[in-house]
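Next up: just one chain, as structure tokens, the form predicted on its own.
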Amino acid sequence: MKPVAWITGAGGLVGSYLVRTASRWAPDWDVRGLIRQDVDLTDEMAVRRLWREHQPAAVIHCAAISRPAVCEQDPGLARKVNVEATALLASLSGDRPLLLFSSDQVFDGRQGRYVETDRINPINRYGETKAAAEKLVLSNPRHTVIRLALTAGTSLTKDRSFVEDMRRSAGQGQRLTLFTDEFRSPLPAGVVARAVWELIARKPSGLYHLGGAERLSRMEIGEALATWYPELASRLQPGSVAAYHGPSRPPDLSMRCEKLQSLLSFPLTGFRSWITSRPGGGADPWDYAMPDLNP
């Protein structure tokens, strides 16, 4: 029998890509994607019952309250899901592999081009919960944390990706103000899935960054997407994070990924380069990420 691998948050963007790509890149695993209907990760007794039933040999923990605005509105729920549920899974995993997805939001954005050894200093509640979860997971030397950059793709519910948010807003006739002075290292969800499955095969532990090779502003990201989605082009307008009024936004969360890149069989190319090298259009152009990631 194949060993069981749990993927929590399988209804989300990254979790769904991990499940969809498992047959190709993780054929030796019995992959079981978990959504809330399967188990409420904040219900300890329910989680323990399902653990005893499945006896997972590895856990890839994607589930989280990941929208910063929601974390600001309900910090109690954010801590319960992002920290306490993680603590339970880490405790149950023990010496079995556990991989937690964290976020570039653990940084304050003052520096940019962050590496794994740089000091974290979250400035919003989402980042704070992820920083706390990282500490819990990394206290076990057998466990792994991946800090993930801004991720593009198509989710099962059509509402988990920044690309989907932008297209929906444009379809409603809204203008999209994109900052020219806020920077990220975006990459497609299919790239994330392949990288994670390769990492799992190597039985890793420790802390890794996973993002694209290019440092792009929000405006540059939007312009790149407009080559695939022409309806966006007329809706984009430049703005500045300095004029933004709302929850704190780190201005530069670009990351360097040489540590993880050294373990992968394919290059973590830049987001803009990746888009321009592939045809867009179709029901889900992001599926081009899955059959062949090499340039």
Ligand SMILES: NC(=O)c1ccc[n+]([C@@H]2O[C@H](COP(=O)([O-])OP(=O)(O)OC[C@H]3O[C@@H](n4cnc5c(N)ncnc54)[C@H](OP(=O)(O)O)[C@@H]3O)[C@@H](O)[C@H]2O)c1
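The shown structure was predicted, so the numbers you read here are calculated from the model rather than taken from an experiment. A residue's number is simply how far along the shown sequence it sits, counting from 1.
Not on display, but discussed next: the form predicted in complex with the named molecule.
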property: Location of the named molecule contact in the predicted bound form, chosen stretch of 31-39, 223-231, 260-268, 237-245 [non-hydrogen atom, 4.5 Å]; result: 31-39
property: Contact label in the predicted bound form: residue 13 to the named molecule, heavy atom within 4.5 Å; result: yes
property: Residue 144, heavy atom within 4.5 angstroms of the named molecule in the predicted bound form; result: no
property: Residue 66, heavy atom within 4.5 angstroms of the named molecule in the predicted bound form; result: yes
property: Residue contact check: residue 253 to the named molecule in the predicted bound form, 4.5 Å heavy atom; result: no
property: Contact assignment for the named molecule in the predicted bound form, among 216, 195, 81, 99, heavy atom within 4.5 Å; result: 81
property: Of 137, 89, 149, 166, the one that lies within 4.5 Å of the named molecule in the predicted bound form (heavy atoms); result: 149
property: Full three-residue contact with the named molecule in the predicted bound form, heavy atom 4.5 Å, for 62, 130 and 160; result: yes
